[in-house]
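As structure tokens, the next two blocks hold two forms of the same chain, structure 1 and structure 2.
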Structure 1
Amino acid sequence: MKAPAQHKQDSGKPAIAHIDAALTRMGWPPCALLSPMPQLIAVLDAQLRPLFCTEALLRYAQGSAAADLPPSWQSWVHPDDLQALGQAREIALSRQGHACEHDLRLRAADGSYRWHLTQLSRLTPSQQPGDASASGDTADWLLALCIDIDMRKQAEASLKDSDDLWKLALESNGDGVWDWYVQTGVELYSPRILQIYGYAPGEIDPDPAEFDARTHPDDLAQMRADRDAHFSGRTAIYSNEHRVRCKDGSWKWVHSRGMVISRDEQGRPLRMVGTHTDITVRKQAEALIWEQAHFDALTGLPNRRSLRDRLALGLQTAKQSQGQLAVLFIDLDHFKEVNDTLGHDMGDALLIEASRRILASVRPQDTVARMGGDEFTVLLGSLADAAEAELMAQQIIATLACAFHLNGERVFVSASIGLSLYPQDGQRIETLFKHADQALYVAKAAGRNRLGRFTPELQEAALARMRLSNDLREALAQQQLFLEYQPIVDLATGRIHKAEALLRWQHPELGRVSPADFIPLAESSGTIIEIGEWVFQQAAAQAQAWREALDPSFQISINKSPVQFRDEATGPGPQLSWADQLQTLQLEGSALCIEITEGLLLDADPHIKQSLQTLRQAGFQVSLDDFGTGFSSLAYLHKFDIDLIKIDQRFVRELRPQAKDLVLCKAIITMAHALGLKVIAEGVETAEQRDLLKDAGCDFAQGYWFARPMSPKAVEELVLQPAPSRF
């Protein structure tokens, strides 16, 4: 698509994105959609300098859609109409959301002038409580819409000489003509005007009350006001848009225009003539544009923009009545799994059904909106207390937890909800949104399928996470990150020829920060990509050193985040692959073992599968961490090439004779050996746990019973000692 015509950026004029923002706030489509439209449309600044023009306007005025914009709108307007243009500008700038109409002559590319009905509307930003996005420098921009009325103007000019000729000209332009003798109460209609509404000649009496009775009740007051304004001389031309009921019962939008062509000595109107133009298609297009701007296409729910409008109104009402309202942020748990396994069509069907269930769980006066993806927001107004909001939130959680029957499939998801209340949790839109989002974060972190309620402590925790995330971005450059290594013991021999690399952060003010706190921040911010590459390089160098000094088969395990795998699939990735870097160090791939989570395999797409296969081909071993805590462990072992599995410490922690955890551990070990896999047990802290695992045939173990994570030097000292009897 051709780029929208606009002043060059170095001219000081606003960029397309700035103009798009102003248009979007007014409910208009962006420049890229407006530009190819056949209408003559322009965005002007307060001095009537064009900022943007549609291709049709440029072709009309300058002969080419690629032409540069003129320095001023006045250069296209007939000199005799410049005064009227100035008046129109002043009126449009003084109005709030109402268009100002004037008939102006616009110069065509061949130098001729044609009459155009020019509508000027002020692009007034939407100022809402809590909305700081409106920019003041767009407040005096104008939207100009030009409609060719040259044929009508020519017809009007000849009206005094020949009514029949004037009416014929209007009829030939597709308009219906009416001729009203005001004092006698007779109104004549042309065949075309009757045809518009599906009537034959003679079916409508020559009485103005006939079409007044067929006018939509909601439009009557404005139509009569516009008519009275013209009769009294306050407007030069009568102009009104309204709906008329057709013979078949349907409604059509028409633009009725007319003028009084004769008055009596007291100035009272005697005769008025005008036209009806069928504008139904335009109105439908405008309605569609408005609907697309305010409603979600898939579910039909209000979208983010419409929700903000309703929340602004709800805040105003709650403030006046000193009432309460609640904002619920809803996120469907495991929705991505449905999308990935059953396809996007099934995912869409689930979203549609989920929206119906949420609507059924709230009151008719409440608002349910879709924010995008699998995220919904609910606005609950006129609440008695916080308990009422919490009850409805729990109802939503319960109804979404029930099975979804989609095209013969039974699908299960759950919902996490974050709740914030007005006025106690915030009095502005953005504040309520932010606090509901923080509450949702807590609900998901606590295990999902639950309600999170905002508290001041959440705000403090969110601020702490933000500050910690900012500090983490500089931690690597400031050498605050380092690795410790936890030995992995061969249970059969007591030897140590494996170790797991564990990332540590020594914060200059906070001291040691737990990996449980900073690793999720690194993943969510993307800094895990750079940090993960650094960890690999450090571990590879250490493995090389220990293979030379301790054991030629020494192996270091490193964790690789799902974020790193996805970055390799979608981003540029490191300059050298891990396999290439090991080759540069003249190090075998078996020197490193890559630990992955079941979550990675659950979300594995073809790119991730290929990445795992590439690592295996380069000689890396792959270990499945936290085995038994995911959803489909056996399926993973069947689908992917895995070398080792690590029994999660939750199974080891309560390990004792006759315990169910021992039965589970034995089953895992037996199954793994049958598949040719080795087994590592994590979290071994007692001699009894060690012995039970050894008797069960477990291959390796790590935990505080053997050694805590330690420095490289401490690992070397431990390995060089004779194997302790406790191993």
Structure 2
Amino acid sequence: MKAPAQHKQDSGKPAIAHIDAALTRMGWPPCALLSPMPQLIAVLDAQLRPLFCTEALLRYAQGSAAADLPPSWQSWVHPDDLQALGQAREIALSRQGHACEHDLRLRAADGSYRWHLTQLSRLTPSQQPGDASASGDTADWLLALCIDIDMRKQAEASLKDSDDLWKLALESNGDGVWDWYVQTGVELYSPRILQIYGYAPGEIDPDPAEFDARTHPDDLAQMRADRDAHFSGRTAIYSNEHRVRCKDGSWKWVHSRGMVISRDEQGRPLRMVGTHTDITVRKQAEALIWEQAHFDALTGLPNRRSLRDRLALGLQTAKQSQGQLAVLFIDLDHFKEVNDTLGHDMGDALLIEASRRILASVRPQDTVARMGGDEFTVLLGSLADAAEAELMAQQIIATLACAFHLNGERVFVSASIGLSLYPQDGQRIETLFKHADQALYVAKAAGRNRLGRFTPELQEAALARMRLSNDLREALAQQQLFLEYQPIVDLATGRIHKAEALLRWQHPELGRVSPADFIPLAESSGTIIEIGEWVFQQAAAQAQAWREALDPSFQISINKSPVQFRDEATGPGPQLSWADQLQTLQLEGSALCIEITEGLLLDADPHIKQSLQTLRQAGFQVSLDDFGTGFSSLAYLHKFDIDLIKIDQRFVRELRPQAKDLVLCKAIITMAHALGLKVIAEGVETAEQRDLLKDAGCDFAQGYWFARPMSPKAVEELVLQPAPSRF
């Protein structure tokens, strides 16, 4: 989709975000969705300068959807209509939430003018003090919607002279005309009104009951109420929108307007005339806009916005009936892998099938919404007890764990679900969402494919994580962080010329905190960027020292988080590139090996591939950590620049002669070698594991059997002494 046409603001920044925010507050879709729609729609500022126009409007007025916006709305309006426009603007600006309608002639690209019914309505200003759009201008922005009424205007003009009565009726606006003798119960119809609904003249009896019988049952009550209000003199003009059934059985939306033109002495209506305007197209456009604002286009499920509305309603009902309500946050495990490896079309097909399965697992009165990406939310109302909600959640997990058949491929994903309950776990929308999210976090951390329930302990744990995350911000400056190094042994020679740098945190009160606990926090808060930079500098200096003191080819591995790569791709990145820093130290790139995770490679971002290439060009080695735990195959890895793979501890742990994992390790080693990659086995804890790996041809090993992560001094002592026999 091309960028919607819009004016630049003085700052040079596009106003589109502000416009989108203002539109969204009105229940309209954002510019990008609005732009290709067939309606003539514009957003104007208080001086009527267009800020945004739909492509249809630009095509109509400028001849091309790609045309520039005009400097003023007035330049498109017939000079004789400018006064009416000015009045309409005043009224629209003075009334929040009411549309002001007026007819005006809008200039087409060829210079001719056509009449348009134009609705001007003031956009709701932002209520939030922090919102950028609250800084002043959106408050006076107007939305203009123009509907072509040129045919009608021409008809009005030609009928003008023929009959005062018709003139009156037509002037009150409309296509087809009706003329109702209220006391005698006779109603006359113009040929045009019959034509709207597909009837020939004379085909409908001159009886108001005829039209009432064709009016949509849902619209009848309001129509009668509006009619009574006019009969009793409470409204100057009768006006009502309703649906009428056509001869062919289809429904048309009409705007019916009319007026009592004579009354008896008691003031009872004698005669009323009015019109029907076919507004089906407008209604369809409104329905489409409403649909787009409230439903997810891919799955047809309610979106985040309508979920909130429904939850608010559900909470109200639950409060009144003292019932229970459950919120389920569903997250598909490994969806990203499917999307990245099989393509977005398959990803879309999977989401549609997943939404179908979730719907089938709940009751008809429950709400299933898509929050975006692979996240769904389910609302379960009027529950007997918590167990009922848990049962449905388990049902969802079970059904999503079954194979998906996508275009001949069998694909497995699973689901993690977080559950929070009203009233136990929270009374307000925000609280219920937050607690379902915490429960989801726990379900994922516990290994996915499961249900997490909110508990007060979870809340405690979330608080503890937050405190720890805050402490971590200070840890670097307070010199609480340091590195340990775990030697990596060359299995053929028993020598050590590699070591992995592992980060340690000595917390002033908690003592040693495990990196498994604090690295994820550093990643989600972004602190990892600063810390990762520090790790690099420490490790580079250490490698330089050891190349001089121990071995000129000594290499240190450092772990680089995907968050650091993403910061380079989209954020500021490090001040001085790692390659430049090495040059300053006069250190070869091969002094360092960067350990990355599979998840990074699956990231579809082309910048990531570029960053890896840059590292390789600077001479760094790249190794793939925790191999075998993710999704990628060796053949897939071949596409990337990688020197080494590290077989995950999980496979090494179970290594025994005849074990299945041994076959797997051998296969990995053989294939890696065929692709020119070296292999490191992690987590070697026994002599037997070392022997099996050595026999399988594994190049390097790392683990407690050889050495634990240790201080630099301890590494030096180990390297300088003759290799122990256990190596």
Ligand code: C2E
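Just so we're on the same page, residue numbers count up from 1 along structure 1's sequence. For clarity, every value in this text was computed on a predicted model and none was experimentally measured. Each form is matched to the other, and the largest set of C-alpha atoms that superpose within 1.5 Å is called the rigid core.
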| remark: In this pair the form predicted together with the named molecule turns out to be structure 2
| query | C-alpha of residue 482: shift of 2 angstroms or more between the two structures, rigid core aligned? | reply | yes
| said: Is residue 198 displaced by at least 2 Å at its C-alpha between the two structures when the rigid core is overlaid? | reply: no
| residue 211: Cα shift of 2 Å or greater between the two structures (core-aligned) | no
| task | Could you tell me how many Å the Cα atom of residue 553 shifts between the two structures when the rigid core is held superposed? | result | 2.7
| message | After superposing on the rigid core, how much does the Cα of residue 61 shift between the two structures, in Å? | response | 15.5
